[in-house]
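Quick setup: one chain, the form predicted on its own, written in structure tokens, and binding and motion questions come after.
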């Protein structure tokens, strides 16, 4: 977007003028729809056309395409993170298996969304760092806390999660995620309900925990 000529024409004739904050929010919402359908190769010219505004007006709110993509990441991924989720994972008054089942059921209620999934997958295919940033967040906020809670439940001393342990947790997390991909992206028939898939994934994870976390002689 850099280097584009700015002008004073804001909206096309007949378009209602909105306060700056509302207009910015509208642009982000439309960009989410646009990127979910078209991916990230499309130009900002195409996005401006979809919004029904000039490119220079779009530049005023987002100096570059990367700035706009960053706002989409915040809206779709960061802002949908629920503040109560960490407590679901760390409430030691409940067995870890119960906590994981509860967490993944409410977590997937949020992420099993067509726009969420399509933007995530498009970003991975086209080299946009949305999915890499989100995977880092998942590791820090979900997988490492789960492994810390697992160590506590097994009576093991606290220790940083190893990469191998994190990969083990990814198997559970990724299996649950792929159920949503098959349903929302591939639109394939899923014969098992989500709660059962989650319960099975959690059960398999729990069954292997003591082997993975306990040093073998």
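Between two forms, the rigid core is the largest collection of C-alphas that superpose within 1.5 Å. Residue numbers count along the first chain shown, from 1. Given the structure is predicted, the values throughout are model-derived calculations rather than measurements.
Heads up, the form predicted together with another copy of the chain isn't pictured, but that's what we're talking about next.
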- Might residue 182 be said to contact another copy of the chain in the predicted complex, defining contact as any heavy atom within 4.5 Å? yes
field: Residue contact check: residue 178 to another copy of the chain in the predicted complex, 4.5 Å heavy atom
entry: yes
Exercise. State yes or no: in the predicted complex, is some non-hydrogen atom of residue 128 no more than 4.5 angstroms from a non-hydrogen atom of another copy of the chain?
Key: yes
- At the 4.5 Å heavy atom threshold, is residue 163 in contact with another copy of the chain in the predicted complex? yes
Testing 130 to 138, 67 to 75, 80 to 88, 98 to 106 against another copy of the chain in the predicted complex with a 4.5 Å heavy atom criterion leaves exactly one stretch, namely 130 to 138
Assert contact residue (another copy of the chain, in the predicted complex, non-hydrogen atom within 4.5 Å, options 48, 152, 32, 190) equals 190
Across 114 to 130, the residues having a non-hydrogen atom within 4.5 Å of another copy of the chain in the predicted complex turn out to be 118, 120, 121, 122, 124, 125, 128
Requested in this report: Look at residue 168 and decide if its Cα position differs by 2 Å or more between this form and the one not shown after superposing on the rigid core.
Outcome: no
(message) residue 39: after superposing the rigid core, is there a C-alpha shift of 2 Å or more between this form and the one not shown?
(response) yes
After fitting the rigid core, is the C-alpha of residue 151 off by 2 Å or more between this form and the one not shown?
no
Per the comparison in the predicted complex, the residue 135 and residue 65 C-alpha atoms (change 3 Å or more) are positioned farther
Relative to the shown structure, Cα residue 128 and Cα residue 168 in the predicted complex (3 Å or more change) are closer
